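As structure tokens, the next two blocks hold two forms of the same chain, structure 1 and structure 2.
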Structure 1
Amino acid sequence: MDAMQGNNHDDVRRHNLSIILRLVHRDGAASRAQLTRLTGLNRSTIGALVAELAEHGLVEERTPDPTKLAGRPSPIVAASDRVVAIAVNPEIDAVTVGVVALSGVVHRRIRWAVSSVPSAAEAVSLTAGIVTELRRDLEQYSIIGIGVAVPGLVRASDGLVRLAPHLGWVDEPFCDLLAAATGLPVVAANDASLGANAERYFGAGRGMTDVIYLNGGASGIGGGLIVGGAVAGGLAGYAGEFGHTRVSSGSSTDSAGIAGTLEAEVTRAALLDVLGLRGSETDADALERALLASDSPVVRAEVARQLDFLAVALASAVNVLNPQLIVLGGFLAALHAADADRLSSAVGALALGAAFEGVQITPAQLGSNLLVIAAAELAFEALLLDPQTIVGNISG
């Protein structure tokens, strides 16, 4: 007998449940007829799979609008609004905690400002306190777990935060500490890598196979890569650190102590300074509004300076990776909005013509919800992979 065995019935069912749940989660509600066409499964199999997912509360079926369909309408299958993940993004000036539904709805987003850079233990304590309060409001919801978007290097194998330089975290077992404090499963990854994935599935990168994502935050600049339709994480999950790309001969150093890098030259702090907003509660959306409203020559000069350095890094990335799309998030999206033509022209002048041909540069479509959606997706992954097994472990 051949040593290669086919899947048993349970394996096939688990795989098919995963396919159906992933489709309605990432692509939105679909009719049973559409799911039949997309999966190649027959109608009775789709009916049985949907019924099982509905029984577990992972999807719900809705009656379609009969006025918009000819013939017998097929029930609409939608991912649940009541199965949720907790998303966490610790930063140097705040800890953001969100509640995101399997359907994609962002139920809550809480930004808790801090007066000083939080230690890992302080971030855990603050997050656990917020989660405790949220759980009182989420009694009718099922919590799948916690996903953490970390502004630093996170080891893929166990979620250990190897280095988050602006936070001052080195080899911090943040996942283990937060899991112990909340009683929920916790997974973590680099914030920009997660952002790339979120924009790929839900934002500007839908349907694209080669995407570069750069995120600018209070802790600096990171990036994520989708190459050939797959996330490029590197050997240990550290790929995409565009912030440490050298873009000038300047003496300013980044969080790793390297001079002349993108992170050293292109900073949120410098933009806030020229706008007179340093120390204020200014998120990326407010920063963009302030840049667009300003006619100060000093502000214009700083925007131009930072865009030109950003162009150096993007042109190098274009030459190496030949992407379809470059997505800019956080304060980099605000910079782009301030003078998109300058950035595109500067990249075009530095990149190989053939490599840059057809490349689009666009702001992140998910806006201020990007990182909470991205972190939640990390928490949902185990459920999407194996709905049959994971569903019994969901916390109420």
Structure 2
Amino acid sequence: MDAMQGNNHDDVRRHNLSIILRLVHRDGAASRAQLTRLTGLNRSTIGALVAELAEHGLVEERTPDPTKLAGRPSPIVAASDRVVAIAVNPEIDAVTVGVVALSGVVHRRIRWAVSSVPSAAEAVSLTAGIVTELRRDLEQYSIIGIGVAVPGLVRASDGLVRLAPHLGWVDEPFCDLLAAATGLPVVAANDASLGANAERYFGAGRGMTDVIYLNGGASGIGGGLIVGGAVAGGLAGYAGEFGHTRVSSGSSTDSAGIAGTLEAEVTRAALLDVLGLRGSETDADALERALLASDSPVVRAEVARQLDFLAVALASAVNVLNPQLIVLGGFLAALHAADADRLSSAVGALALGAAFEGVQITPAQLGSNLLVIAAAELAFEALLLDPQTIVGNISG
């Protein structure tokens, strides 16, 4: 019952600043007049709030757009390009570091390839090096903090990486190490959960409150949930592991050693195999093109097989969560593109009619910027929650 907190006047101010900053961050620039309508606040209040945000450098006021409407034009309020978060995404073959502005602009994206799977310590020192370099270039920018998208289970309470199977990390305090190395606040979460959130705000699920996101990677299937408008993390932040849902009575096992699961039956490797492609040379787009181009019955059969298994997992999720949107990323997007109708009708046959009513299945939209935007969003969260306090602690 810790959420049972009383409100005082400071909370009102904080909440109102938070809402305005969120609006211009998530939905893009808006005129002051639009903000008054969206928030229901008085226009004099909006004026004061925007002035305060502008004073802190969080938003900028631009000259009004010509609107062809009568009346005094309203200045455009836009999230700052100079307030940035650093996004980090360690993977088996590279560490990606990005710089994303509060305005949504991706200033930089640096993919630093590594020859062998990086240990946590290596990833920290590599990242810290890149960050030091970046800070020299970003002297007139304000760096809010670092957000890390980890391909594994991250404990929500303290950012400890409990298990990142592909990286071989177990109980690595990546956050604390990186914070110590850079002196910046660091927050981490599961990559797929962050991806779900990013797609919800900036991609295919814009404005939606109940979204299921599944991402198919080279080594497994991860996912994230938006339930009732909030990222569902579960007790410890491990929610969203759709890959280990049982979908068949087969004996092939997944990365966790569990048999008959989605991750065991639906794999990128099997698709590449029937297509005669090499994984290392085939990105998501190439796979999709190859699938669409092929008319081999073997390929079609494998696509159908995988789609039917995917449908089992999705149908269960639809029954349990009654989402309005299912977003598929990675090779699952390619699979979906190969035969969208089959997937949709298979899910429809296995799900309750009412729960599936109005459910859309779409590919992810954010592409290669997804995890950069997603991780930066995590770092921005503290600022969006409390613009006044956070901005006070930043150099400038």
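Superpose the two forms; the largest set of C-alphas matching within 1.5 Å is the rigid core. These figures come from a predicted structure and were not determined experimentally. Residue numbering: sequential along structure 1, first residue numbered 1.
K.L.:
Please let me know, 1 or 2, which structure is the form predicted in complex with a further copy of the same chain?
P.N.:
That would be structure 2.
K.L.:
Considering the rigid-body rotation between the two structures, which residue or segment among L335, F202, V24, E265 is located at the hinge?
P.N.:
Answer to the hinge question: F202.
K.L.:
Would you kindly give the rotation angle of the smaller rigid part between the two structures, in degrees?
P.N.:
From C-alpha superpositions, the smaller part turns by 15 degrees.
K.L.:
Hey, core superposed, how many Å does V298 shift at the CA between the two structures?
P.N.:
V298 C-alpha displacement between the two structures, core-aligned: 8.8 Å.
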